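Before any questions on how it binds or moves, here is one chain, the form predicted alone, in structure tokens.
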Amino acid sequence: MDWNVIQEYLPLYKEAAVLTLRIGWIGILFAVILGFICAMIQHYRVPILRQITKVYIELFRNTPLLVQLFFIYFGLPKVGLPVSADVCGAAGLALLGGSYMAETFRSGLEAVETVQMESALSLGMKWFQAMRYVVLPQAISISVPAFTANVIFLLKETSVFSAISLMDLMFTAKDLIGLYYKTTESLFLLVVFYLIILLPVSIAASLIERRLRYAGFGN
């Protein structure tokens, strides 16, 4: 292990980590929004849209992110829709993540008994008030473990961004190994930076889950 080499490579990995986090969190944000919308459509059985979202969920849950990225990055330009590598990475992650988040939120909504909504409405609440103050807090707390697992999964999936020439952590590691044959140092930094990215997410999620449990949600 050459620590001088590691010190020399650090700025490159820092830059790659910033790009990975930027695209990763943009993709995850849109995945949450898309997943929540799809979950609501599925849970409340909205006609036509329910069938469309079901096809979307099954399609993206059962195809690899790499294939989806190739379709967006190389396929869309063929029909006159050029997409930059950054947009492709965020869009691919959002579409994949949205399909997983949809099932996570749907299971959370279905875990809340219908009597909760009925009771809220009988007390004079409007539908949106009942959703906001009664149903959603319980559904979200139930979904926290699966939601966290999805976030970590999606952040790890950013490792395939290198296939569309994004200078992410994996691309940087493979590039340095190919150029200078410093395999041990390059892989060591790759592992360290992924741990730096993922460990805080895992720890924060555990704390949130514990706090929700103590607060009585999800019981």
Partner chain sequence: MQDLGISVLFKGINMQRLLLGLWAALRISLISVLISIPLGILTGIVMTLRNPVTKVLTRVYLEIVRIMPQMVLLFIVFFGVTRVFGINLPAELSSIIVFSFWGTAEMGDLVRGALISIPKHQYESAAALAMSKAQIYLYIIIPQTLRRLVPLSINLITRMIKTTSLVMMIGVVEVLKVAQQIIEANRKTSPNAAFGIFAVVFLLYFTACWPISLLSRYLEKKWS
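Residue numbers count along the first chain shown, from 1. Just so it is clear, the model here is predicted, and its values are computed rather than measured.
One more form of this protein should be noted, the form predicted together with its partner chain, which is absent from this view; the next part is about it.
K.L.:
In the model of the complex, do 163, 187 and 198 all put a heavy atom within 4.5 Å of its partner chain?
P.N.:
The answer is yes: all three residues contact the partner (heavy atom, 4.5 Å cut-off).
K.L.:
May I ask you to choose, among 49, 167, 37, 152, the residue with a heavy atom within 4.5 Å of its partner chain in the model of the complex?
P.N.:
Selected option: 152.
K.L.:
Classify residue 76 as contacting or not contacting its partner chain in the model of the complex by the rule of any non-hydrogen atom within 4.5 angstroms, answering yes or no.
P.N.:
Yes - in the model of the complex, heavy atoms of residue 76 and its partner chain come within 4.5 Å of each other.
K.L.:
Might residue 45 be said to contact its partner chain in the model of the complex, defining contact as any heavy atom within 4.5 Å?
P.N.:
No.
K.L.:
With the partner left out here, check for me: in the model of the complex, does some heavy atom of residue 60 sit within 4.5 Å of its partner chain?
P.N.:
Looking in the model of the complex, residue contacts with its partner chain include residue 60, since a heavy atom lies within 4.5 Å.
K.L.:
In the model of the complex, does residue 53 come within 4.5 Å of its partner chain, counting heavy atoms only?
P.N.:
Flag for residue 53 set to no.
K.L.:
Going by its partner chain in the model of the complex, which residues of 64 to 80 come within 4.5 Å of it through any heavy atom?
P.N.:
If the 4.5 Å heavy-atom criterion is applied to its partner chain in the model of the complex, 64 to 80 yields 64, 66, 67, 68, 70, 71, 74, 75, 76, 78, 79.
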